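Shown below, as structure tokens, is a lone chain in the form predicted on its own; questions about how it binds or moves come after it.
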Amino acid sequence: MTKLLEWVFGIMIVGAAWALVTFDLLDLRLPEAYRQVAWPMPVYLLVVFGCYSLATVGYRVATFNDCEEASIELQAQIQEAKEDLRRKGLKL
């Protein structure tokens, strides 16, 4: 099962549970307080997902590893390419 299908399946399960509680599809006779909490739940979950995503991106940016060797190697390759282009007549 691909990751997309896992997410779609999970969202479908949560959506079905939300619909059952919100619209009382199984005649569960839940208290009105449950419906009042369940009605805005998708918005709450969206906000929580956004906060989690922002925190994850921030953490990954903060702990990004520097690759000093790769940087030096890339700069050397850039200089080599510039010299090769100069030899071929290109003005930089």
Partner chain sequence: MATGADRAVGMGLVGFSLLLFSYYTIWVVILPFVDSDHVVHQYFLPREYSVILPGIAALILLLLVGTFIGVVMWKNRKPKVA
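Numbering follows the first chain given and starts at 1. Predicted, not measured: the structure shown is a model, and the values here were computed from it.
Below: the form predicted together with its partner chain, not depicted.
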| item | value |
| --- | --- |
| Proximity of V37 to its partner chain in the predicted bound form, heavy atoms at 4.5 Å | yes |
| Its partner chain contact in the predicted bound form: L26, any heavy atom under 4.5 Å | no |
| Close approach of L30 to its partner chain in the predicted bound form, 4.5 Å, heavy atom | no |
| Three-residue site L54, T63 and D66 fully in contact with its partner chain in the predicted bound form at 4.5 Å by heavy atom | yes |
